[in-house]
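Just the one chain here, laid out as structure tokens, in the form predicted on its own.
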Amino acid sequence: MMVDGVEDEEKWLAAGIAGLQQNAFYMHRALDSNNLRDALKYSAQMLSELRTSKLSPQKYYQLYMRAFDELRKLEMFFKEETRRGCSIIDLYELVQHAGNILPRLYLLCTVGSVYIKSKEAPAKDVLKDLVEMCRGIQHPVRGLFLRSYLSQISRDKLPDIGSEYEGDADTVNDAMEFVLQNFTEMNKLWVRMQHQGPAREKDKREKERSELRDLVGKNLHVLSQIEGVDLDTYKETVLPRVLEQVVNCKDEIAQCYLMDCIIQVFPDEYHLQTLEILLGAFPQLQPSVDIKTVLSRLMERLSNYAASSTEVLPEFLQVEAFSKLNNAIGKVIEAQADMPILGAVTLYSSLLTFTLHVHPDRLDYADQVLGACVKKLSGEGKLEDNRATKQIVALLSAPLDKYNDIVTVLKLSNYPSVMEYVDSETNKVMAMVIIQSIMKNNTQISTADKVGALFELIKGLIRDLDGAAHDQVDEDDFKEEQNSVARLIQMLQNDDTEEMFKIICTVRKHILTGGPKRLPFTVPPLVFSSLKVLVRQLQGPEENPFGEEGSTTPKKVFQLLNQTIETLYGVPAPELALRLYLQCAEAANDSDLEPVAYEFFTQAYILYEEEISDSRAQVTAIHLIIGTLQRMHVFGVENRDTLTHKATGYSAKLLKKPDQCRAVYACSHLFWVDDQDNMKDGERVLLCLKRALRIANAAQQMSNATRGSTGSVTLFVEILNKYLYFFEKGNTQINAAAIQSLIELITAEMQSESNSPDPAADAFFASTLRYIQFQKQKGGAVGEKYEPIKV
């Protein structure tokens, strides 16, 4: 059926165009022969094609445009006729003899255009006559296009100030009256379309009306272009008359479109000065009108106007724009009890944007808007509408974008309350926006209270909300979120030790609620922030910066650190905890707190023994332990011997022989520390290296037994390098003979038939021998020391 209807319409349009073109042909022939009577006859017949009711507005427009082009030619002919002496008044009378009213009125408007240009009669009289006579057409589509034609031919002939058609003192009122009257009649015709035809075609009629709306809206554009319409005229005459028509038409489509037209076509300063009148119309509109969109556009225009220049801001204060908009939104929301939450949130979002542009210094205004939004949301529970959620994100992002300072935003008491109404995913999104704003602007949050408020705000990243399981979260997203929290923790600073310690305690309280999956991301930055407090104080000018009388002593910080790292046991993350214990041990070493340092090492050793079972993890851990212990200077002889003995014992118990060998020769550094004379025990260094040699030899024998070849000599070359290191450092237990013996052992192993070729080991050995040769050639004490070694 639909296809048949479209085909029929195409046929009717083709027939209409054919009839129009045929009569236009005869009209042109009459024009060429200056035959006025025939020209009027055929032009009337041509215009009769516009009397059809079978075409949709879109198809009717195509027919109308063809007629419009022909009427322009006819108008030029009428001008020529008046120049040749034909009376324009007679012509004006003559065209009124056309048989049908629609062609008659089109011809009348065309002649009327020439009549006004001739200035034989005041423009206002001709226009008044035309606009009144156009009432003869009450068919909506035909009437709209006729009045659109009248508007088109008259827009440059209005009796406006400065126009060549300007009349007496009331000339502006005459121009306004004509446009307003034409607008009123066109709107009535447009609205009437809605009530013609069966109810089942309602959607079709709405679509057709939407296609015709610009014909009505153009009148408002013409009004805005009239030079004589100043602010007073607009306020006293234009706006009340237009709003009266908008409210009285009681049509949803018309009200929504025309209110938007008013906002778009008239100047911003006019809107500002007539805000009360304009806003007063909103509660009178139909309940189904999309007020949120119209009001939002009004506030958007005013926001942009405020942002355009600081000079206009006093105008906003003078008219109390915020108060009026706030009251208007309240009344609209109250009047439309069934307004979707999306509408209310959109209005508050636009109002907040307006407030931030116009009154950036009035945080109380911004908080008032947020409070009103909270009140509206309070009866809704968590938002489930995605569009409403997006508007909430826009609402919450606006203060961040404006102030670029979370500290200022935290002063808005209702800000956290709004976040309570979004789901956990949106809460995370907002938390990420907040953290990114802090990092982008390098915002300093320097008090524990502000940090507490901030972490409450970003709790969506700190812990699971609403029982949401983090298994559903994408792993990469989760890591990015937690790394952002970690960066935030690192940014928290305060030069006052007491306050910084409070900040650390506050952060700790929040992150410990995050569950085992988050702790490996958030505990390390907290530990290092705590250690920075100690380092900064130790580098300070005071002799004893903490002082035992102070409430925040190094011991207190270390106690907090110990308790914090213990939380990683439940994750479990023993390797991470071990690393952090060793970092704390170094800090205690710098603070000269031997018992504390020993306790951290003890905890590290317990973790190694009880929790770290993976062989690779053990190798990494033992090298970390050895490296940290080597740098410690705070231990007395007894404690150091205990820890060193343990480390050496762990090294010898590693699963793989090569790992054992490397760990044992690394332990040799525990007995020889360059800058401390009391920690240079050459004999124990040599014992470690010899033990490493025995393990390397055992590794060779095991390889020979299982694979039939002795394997690589890499371990022997590595041990040789350790011999050379201690030889250079002046360890008297390491002599040239021992080095020579080791070189010969390696050479023999490499030449052995059971040795499997290893180019990397060969290159390593060759490089070591080159180094010895280089040292010999240096001469002096170094050359003399290396001289006995034969390579």
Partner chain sequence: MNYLIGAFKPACNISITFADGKNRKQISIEPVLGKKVEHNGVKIELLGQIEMYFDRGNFYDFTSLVRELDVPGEIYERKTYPFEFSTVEMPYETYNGVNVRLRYVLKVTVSRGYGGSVVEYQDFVVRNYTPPPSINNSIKMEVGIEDCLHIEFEYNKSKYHLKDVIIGKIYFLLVRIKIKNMDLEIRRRESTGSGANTHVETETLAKFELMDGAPVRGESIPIRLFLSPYELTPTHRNINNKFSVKYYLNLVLVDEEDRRYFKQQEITIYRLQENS
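Source: prediction; values computed, not measured. Numbering follows the first chain given and starts at 1.
There is another form of this protein, the form predicted in complex with its partner chain, and it is not shown here; the text below is about that form.
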**Study point:** Contact of residue 51 with its partner chain in the predicted bound form (heavy atom, 4.5 Å)
**Key:** yes
Exercise for review: Report yes if any heavy atom of residue 694 sits within 4.5 Å of a heavy atom of its partner chain in the predicted bound form; otherwise report no.
Suggested key: no
Review point. Is there any non-hydrogen atom of residue 445 lying within 4.5 Å of its partner chain in the predicted bound form?
Key: no
Check your understanding: Can you check whether residue 185 is within 4.5 Å of its partner chain in the predicted bound form, heavy atom basis?
Key -> yes
**Study point:** Option from 698-706, 609-617, 130-138, 364-372 whose residues, in the predicted bound form, bring a heavy atom within 4.5 Å of its partner chain
**Key:** 130-138
Exercise for review: Taking 4.5 Å between heavy atoms as the contact cutoff, choose which of 570, 99, 379, 314 touches its partner chain in the predicted bound form.
Suggested key: 99
Study note, to complete from the structure: None of 214, 641, 401, 93 but one has a heavy atom within 4.5 Å of its partner chain in the predicted bound form; the exception is 93
